[in-house]
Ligand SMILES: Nc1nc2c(ncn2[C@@H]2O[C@H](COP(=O)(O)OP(=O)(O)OP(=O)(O)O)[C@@H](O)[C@H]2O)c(=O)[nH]1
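There is one chain below, alone, in structure tokens, taken in the form predicted on its own.
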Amino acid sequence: MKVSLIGVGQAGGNVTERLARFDADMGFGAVQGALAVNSAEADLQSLQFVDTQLIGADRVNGHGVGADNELGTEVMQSDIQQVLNSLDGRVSSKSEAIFVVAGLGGGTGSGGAPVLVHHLQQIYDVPVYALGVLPGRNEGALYQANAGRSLKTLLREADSTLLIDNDSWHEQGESVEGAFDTINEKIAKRVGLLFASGEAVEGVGESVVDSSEVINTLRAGGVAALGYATEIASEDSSENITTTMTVSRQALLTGTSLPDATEADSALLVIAGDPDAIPRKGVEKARHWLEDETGSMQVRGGDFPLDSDRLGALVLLGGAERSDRIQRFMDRAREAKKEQETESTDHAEQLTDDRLENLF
């Protein structure tokens, strides 16, 4: 799947650089262009692998907007034309989708990303997706409130929003800085493999995934989640049926970017590894299991040929807003805005809740 990446804010820029570097190091050729946009000049100077664009210089003099995502919205709206001009040549005719990447808890990313998605939708015919990083439970009330408003606005503007929970992919006992570094590396590998799954470079699988299957899975809109797991493979494919089932279960039940997200409107299962080691029976068995587990009849599946001694499973969920994690997060965001909570059984309604205003 050929994509163009635009990182907004500090976290968005860091993740975008990791994604672009991973794609280049692996030789996949999925990333067509990458741009990092920020109001903090120092954060842009630390990026070496992507092009950069400073915004809001007349408002904040390159010092960033702090955690003020309303100001982040304003500076992106003010400088949107120069950002769009910077995309010339980075969103190519080969790009099959655009991903706007942002941390949803800070200022520039959470405020600016929805504005950028809105304008990209008006210009480009390809899908415009958001890749949003949710703040962890302990990152403070302001970050929760920022992310709640940003997420609500993104869900309105983007074709789908792939969420990464900061609590999902870090290691126990890590420092805050170390945890962010680990999460960024895991995002780069998992999302990078998803992008590359339609750009196979090693051998030919029996049923290779292509970009249309990723796009069709995300067509459900709303919240998307991504799971991943890997195990050592046997050289005999018949011995890998159990391994295929194991990594598929782990990817959904313990390796997802959004903990507890198992129900979805659509899903895609990608089994990556040496084509001779991938068992056809195992892939089909895992796909049927995924249908039962997600409650979706729209479960696609296929191979991603890789020169590796391991078998990996990628599970992409579309329309996954029924996750308990989303419910708990939106509750915390409302509490952070000091608004009265009322219990709702409509899982879609919580993402359009009037008690969290849209950013614009």
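As the structure is a prediction and not an experimental result, all values here were calculated from the model. A residue's number is simply how far along the shown sequence it sits, counting from 1.
In what follows, reference is made to the form predicted in complex with this ligand, a form of this protein that is not presented.
ask   = Among Val65, Gly105 and Asn184, does every residue place a heavy atom within 4.5 Å of this ligand in the model of the complex?
value = Looking in the model of the complex, the three residues Val65, Gly105 and Asn184 all sit within 4.5 Å of this ligand (heavy atoms).
task = Note which of Met76, Ala196, Val133, Ala251 lies within 4.5 Å of this ligand in the model of the complex, where distance is taken over heavy atoms; exactly one does.
result = Going through each option in turn, the one that passes is Val133.
query = Heavy atoms within 4.5 Å of this ligand in the model of the complex: which of the stretches 290-298, 326-334, 303-311, 36-44 has them?
reply = Contact-bearing stretch, as computed: 36-44.
Non-hydrogen atom contact Thr217 with this ligand in the model of the complex at 4.5 angstroms = Although this ligand is absent here, Thr217 would stay clear of it in the model of the complex, with no heavy atoms inside 4.5 Å.
message = At 4.5 Å between heavy atoms, is Pro114 in contact with this ligand in the model of the complex?
response = Output for Pro114 is no: heavy atoms all beyond 4.5 Å of this ligand.
ask   = Within a 4.5 Å heavy atom cut-off, is Ser237 in contact with this ligand in the model of the complex?
value = Because no heavy atom of Ser237 falls inside 4.5 Å of this ligand in the model of the complex, the answer is no.
Residue contact check: Asn166 to this ligand in the model of the complex, 4.5 Å heavy atom = Residue-level check for Asn166: yes, a contact with this ligand.
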